[in-house]
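Same protein, same chain, two forms; see structure 1 and structure 2 below, as structure tokens.
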Structure 1
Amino acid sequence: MENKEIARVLWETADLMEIAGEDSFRIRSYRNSATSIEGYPERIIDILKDENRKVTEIPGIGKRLASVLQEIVDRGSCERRDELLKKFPPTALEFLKIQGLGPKGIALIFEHHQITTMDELEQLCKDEKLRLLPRMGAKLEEKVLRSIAQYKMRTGRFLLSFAHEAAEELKKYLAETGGVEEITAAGSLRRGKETVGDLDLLVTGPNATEVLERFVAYPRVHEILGRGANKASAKVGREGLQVDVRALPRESYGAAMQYFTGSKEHNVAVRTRAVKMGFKLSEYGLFRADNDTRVAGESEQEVYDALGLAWIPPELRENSGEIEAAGEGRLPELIELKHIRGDIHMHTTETDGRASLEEMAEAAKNLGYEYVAITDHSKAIAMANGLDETRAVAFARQVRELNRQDRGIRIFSGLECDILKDGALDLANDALAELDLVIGSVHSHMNLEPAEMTDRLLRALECPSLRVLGHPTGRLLMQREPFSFDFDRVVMEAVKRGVHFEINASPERLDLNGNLVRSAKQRGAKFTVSTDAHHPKHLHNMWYGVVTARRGWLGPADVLNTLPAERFRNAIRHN
């Protein structure tokens, strides 16, 4: 059981305790423990197994919580959580995913209305009864209705990062079978979609069918959905991710990979092309239509070659012009993780990060980066102890001193500066001008009318120190929809002023998304790809940002932080 899963159980328990109106100190201790565990560099399960170690060595973990952690690791839950789930309907945890409610709001609903399902909550809003409760109102009721609609759309979807981690864990487990040549993830995970519905794993090798037996015996399998000669399906983990494992002969591996990677629209277009050329294409191979002679199938490359197409990177397979480009030799050279030379959006303990400036820089150096930009929050984020003008100027001075030392990595002074409701930046420009890199981001007032939000962003772009527009649409995947504004108008103004658009690699954001990235690129925009890391381990999320950039057809030249350190410095220098 990974730290993130343990932390989630603690968060859920704390939320249920708040719904029940329990002691605030105890609730806070569960939440603080969840935060500590989620960011802890070692696996909690390994510490618990080590007779010479104690989890009470972790800050915030006492003897009582240590026993709770052991219980969570042993059976996936804890006694207090189980008791509360008996007291409240099972959907209590689902209600917590509805934007605008929170534990106190849910407690109020349970106090006045005997509802147990999401449909009943939705009907409560449609009957305009939610607005009658204390501290609710018509606007919140509308917000809850919108959130319920979004929740229903995303049910059964998982973040790209969750699917990726699940796939890597399963691949490692299945490879222990022996006699396996390849285990590869296909489907929307391979295409880098921001959310994934299920997981497809394709296996080849002499013992490929034995992998199916090992899969259904996987300790995290909760429900076996099917087991045939060449395929096994099961629900995995508490979250219920459906995983399909297919055993394939080597000669059809490439055709199956092409077929199961998708997308459906891409496959239909490719099969239509095959038919016009006198072929039949399926997951078993490419065959001549007149005599069923096999033409290709062992590799994707030979399938696309036989159809007169260059091999198409999976991230582009959405039937959005990639087939025509492949046929005409116009596919772009896509950015790769190796092209990224620096991570330029991260936070430290100076505000809401979990590691010091030195620790973040050292972690980035260990990943092979040439430089980093430290971009803590500005003062508008009071709960994060954001920097005011005095602290920002002092920070710039501190970084200049650090760079006089030989640390093996260049550090740029930066700030993630809040874009206020009226579009002004949170700090005065004379302070911002002291910094190397200013990222402007919206963190509040996200429900403005589209015209007002557009004006807000346009005014922010007027700031002469602004270099990057951070997580430009404000979305949180499966939690918060992007705010509405005139995207094309903002892009054109950003291009005019030389402001880059961030592709935020945090798996919960992936903002901008691939479609908007491609649209902005076509209008001349340039980009950054950064992790928004709050802990050294978050620096590894860069891969998700790169995948998103690839989905937007970006090459290395489109991304600012592919530049060597000196050229990067010149590119962000104030005029």
Structure 2
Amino acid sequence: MENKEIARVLWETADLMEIAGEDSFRIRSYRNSATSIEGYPERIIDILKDENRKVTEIPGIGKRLASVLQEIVDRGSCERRDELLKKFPPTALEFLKIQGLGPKGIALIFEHHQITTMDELEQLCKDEKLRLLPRMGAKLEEKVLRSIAQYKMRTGRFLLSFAHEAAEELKKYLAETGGVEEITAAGSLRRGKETVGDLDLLVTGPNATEVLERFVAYPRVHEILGRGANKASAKVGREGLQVDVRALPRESYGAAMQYFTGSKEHNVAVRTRAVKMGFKLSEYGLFRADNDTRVAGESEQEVYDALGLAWIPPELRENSGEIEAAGEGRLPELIELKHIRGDIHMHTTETDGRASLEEMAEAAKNLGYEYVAITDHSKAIAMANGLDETRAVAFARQVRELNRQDRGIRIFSGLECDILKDGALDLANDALAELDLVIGSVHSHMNLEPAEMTDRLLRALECPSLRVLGHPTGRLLMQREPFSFDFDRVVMEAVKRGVHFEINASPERLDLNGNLVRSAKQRGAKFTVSTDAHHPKHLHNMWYGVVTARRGWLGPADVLNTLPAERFRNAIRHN
């Protein structure tokens, strides 16, 4: 059992305890242990097995949680969780994701009604029964109904990061079969879409068929949906990600990859082109329409070539101009991970990060970056102990001092400064001016009317120290809609003032999706790609941001943090 799964069980238990109204310190302990286990460098299961070691060495884990961990590893659950699940249905945990319903509200609902499914909850609201409960009213019913609608839209979809990790794990496992030439994840994962519905794995090689055997025997498969000679599909993991594995002959591997990568719209357009050229294209290959002779199929390159197209990076395959561009040889040269020279949005223990400045810088150095910007929160985020003017200025000074010693990576002093409700920045200008890089972000009042939100952002852009608009749309994938404002107007103003748009690489944001990036670029916008890391391991998320930038047709020149350190410094310098 992996640390992640253990952490999940602990987290669930904490949620259930909260609904049951148990001691808040105990709940906190469970949550603390969940987060520290999730990010723990060693496998808990190994420590438990080792006679000479104790899990209580891990800070935050004491005698009680140690035995809980043992229990979870042994049987996948713990007594407390089992008890609570007798009292509350497992859907209670789902209800927690409905906006407006917290632990208290859910407990109250269960006290009065015997419901177990989301549909029943929906019905309860529609029947105007929820408002009969104390402290609940018509407004809440509406809110819950809206949130349920959203919930239904997003079920069955998964974060890109989740699908990516699942795919990597599966690929590794399946490759152990031997006799496998290639395993590739196709579909929206390959196109780098922010959320993914299901996973398509394509396999070729002499033993491709055996791979299907191995797949259905995968320990995390929990429901086999079908299995034939060339294709098997199953639900994987507790989350129920549907995975299709297809075994393919070498000669049609490229055609299949092209086909299963999509998008559907892209494929329709490509096929239309093929037909016009006297071919037919399918997942089996590209054939001449008149005599069915195979023209291409082994590689994607071959297929696109034969159609008179340059090979199109999967991120662009949305039928939004990429085919024309490929035909005319004017596909953009897209940004790649290796172009990124510094991560310029991250947090430390000074506010809500989990590691020190030194640890973050060290981790960034190990990723090969030339520089980092440390950008902790400002004081409006009180719960994160955000920096006030005094601390910000002191921090800027501390960083100047740090850079005198050579630590193999350049550090810039930054701040993720809150944009207040009226568009003013949270800290005074003279304090901001001391910092190398000011990112302005909205963290509150996200439901303003569009006009008001637009004005707010426009006003924020007036701040002379502002260099970056952080997570500009505020969306949280599958959780919170982007806030609405006049994007184009804000883009134009930002361009005028030299403010960059952040492509926030954190997988639950991927803020600015590909479409917005592209339309901003067309209006002259420049960008940053940053992880918003709160932990050294989050620095790895950069890839997701780069993929998103690619979906927005960006090249390295569009992105500020591809510049070498010195040029980067000049670009952000205040006048």
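The structure displayed is predicted, hence computed values, not measured ones. Superpose the two forms; the largest set of C-alphas matching within 1.5 Å is the rigid core. Numbers given to residues start at 1 and step along the sequence of structure 1.
Answer for which single form is the form predicted on its own: Number 1 is right.
Threshold 2 Å Cα movement between structures 1 and 2 for E508, core superposed: Comparing the forms between structures 1 and 2, which are aligned on their rigid core, E508 does not shift its C-alpha by 2 Å or more.
Core-aligned C-alpha movement of L461 between structures 1 and 2 reaching 2 Å: For L461, whose C-alpha is compared between structures 1 and 2 after core superposition, the shift is less than 2 Å.
Rigid core fit then A525 CA moved by 2 Å or more between structures 1 and 2: No.
Core superposition result - C-alpha of A138, shift between structures 1 and 2, Å: So the C-alpha of this residue moves 5.2 Å.
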